[in-house]
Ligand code: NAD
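In the block that follows, a single chain appears as structure tokens, in the form predicted on its own.
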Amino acid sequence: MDITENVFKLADELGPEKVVFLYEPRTQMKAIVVVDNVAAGPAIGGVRMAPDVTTTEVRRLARAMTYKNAMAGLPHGGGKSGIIANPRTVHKEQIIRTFAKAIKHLEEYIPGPDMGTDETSMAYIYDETSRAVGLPVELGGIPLDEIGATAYGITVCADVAKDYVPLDLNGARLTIEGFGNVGKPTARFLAGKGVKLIATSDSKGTIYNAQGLNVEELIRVKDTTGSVINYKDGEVLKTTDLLGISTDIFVPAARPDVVTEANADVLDAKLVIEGANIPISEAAERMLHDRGILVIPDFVANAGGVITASVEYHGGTETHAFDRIKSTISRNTKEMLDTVYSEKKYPRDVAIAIARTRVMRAMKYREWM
């Protein structure tokens, strides 16, 4: 089955509306853009940059954005793009600008930062297209990573979900997969609730201390040396060892599919809050739920970034964004979990049903319905 057949096979009544493959021979820029659904408005979704990004991954991420934006009540549909390149390349600006020129007339898609891209990348895209979110402050943006918008939403989510586990956040143990733009502020925000970070990982390995890691020192070490394994007061383990560490809260905050059917039985936690997009396969989520582990799906838990992006796009402020994150994620988490426990359903099934209903309502106002 070729790529085109695969895309059509996986399409449904929501989308995708458009799948675009880009290639520019001079710079060797290769990219994929998926505009999944624009019933509620132009699609907002990040630009992922990685050497192994695939069409299937971008399509799944675009659908997650459709659900996420619908759950957040934003006037936007869902989309996503992936640039097939190493984000550490010396030609990054050139590749980003080439990508931006290629999507200039794809006006139904509004790019934002994602894994491998940042505010500077969005500035390049905005310079070429006059449309992007997650811009630097100097261009009127709200710095998503600097303020920890996604991480703040994860913390709000934890504060609601704790009552359903149940779990006392004060003294609760935390492990984070991926100590980057989402992982670092998540550790910081949850520490403010009394949560104790005992382990975290990056591509180089895992650092573990059952008595707790000093979050601020760990952030300093990560920022200055490039890896958490250089933190002195902890045991260095393999990256994959993180899942087996007994914890109360596990936050996957980096790559997709870090937990699958193959390793779901290893994860030892009470509450999982998906900080990354599609970090756990749907089958693995069900396995975890059947084991008594509560999993909050990505498009419910990590919507803080796109909520802030939408507020920025429509001229709002950082204060407006944080207020919107708290009210939206609190409401959605509670609505989902009330149904999960009253009707004995899986969290993702409930969340998808809520999001699809909202998207379908928006589609009824469109001519093609």
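Keep in mind that this is a model prediction, so the values were computed, not measured. Heads up: residue numbers just count along the shown sequence, starting at 1.
The following text describes the form predicted in complex with the named molecule, which does not appear among the structures shown.
- Query: Between the options Lys104, Arg255, Arg220, Lys193, which residue brings a heavy atom to within 4.5 Å of the named molecule in the model of the complex?
  - Reply: Contact check passes for Arg255.
- Query: the named molecule isn't shown here, but in the model of the complex which of Asp202, Asp248, Glu119, Glu128 has a heavy atom within 4.5 Å of it?
  - Reply: Checked against the cut-off, the match is Asp202.
- Would Asn181 sit within 4.5 Å of the named molecule in the model of the complex, counting heavy atoms only? Result yes; Asn181 sits at the interface with the named molecule in the model of the complex.
- Query: Quick one: does Thr239 come within 4.5 Å of the named molecule in the model of the complex, counting heavy atoms only?
  - Reply: Residue-level check for Thr239: yes, a contact with the named molecule.
- Task: Please run the contact check for Asp114 against the named molecule in the model of the complex: heavy atoms, 4.5 angstroms, yes or no?
- Result: It does: once the named molecule is placed as it appears in the model of the complex, Asp114 has a heavy atom within 4.5 Å of it.
- Contact between Ala276 and the named molecule in the model of the complex at 4.5 Å, heavy atoms? Ala276: yes, in contact with the named molecule in the model of the complex.
- Task: Please state whether every one of the three residues Lys68, Asn302 and Gly305 places a non-hydrogen atom within 4.5 angstroms of the named molecule in the model of the complex.
- Result: The answer is yes; Lys68, Asn302 and Gly305 each reach the named molecule.
- Message: Tell me which stretch of 280 to 288, 164 to 172, 89 to 97, 194 to 202 has a heavy atom within 4.5 angstroms of the named molecule in the model of the complex.
- Response: Of the options given, it is 194 to 202.
- For 145 to 177: residues with a non-hydrogen atom within 4.5 angstroms of the named molecule in the model of the complex? Contacting residues: Asp145, Thr150, Glu177.
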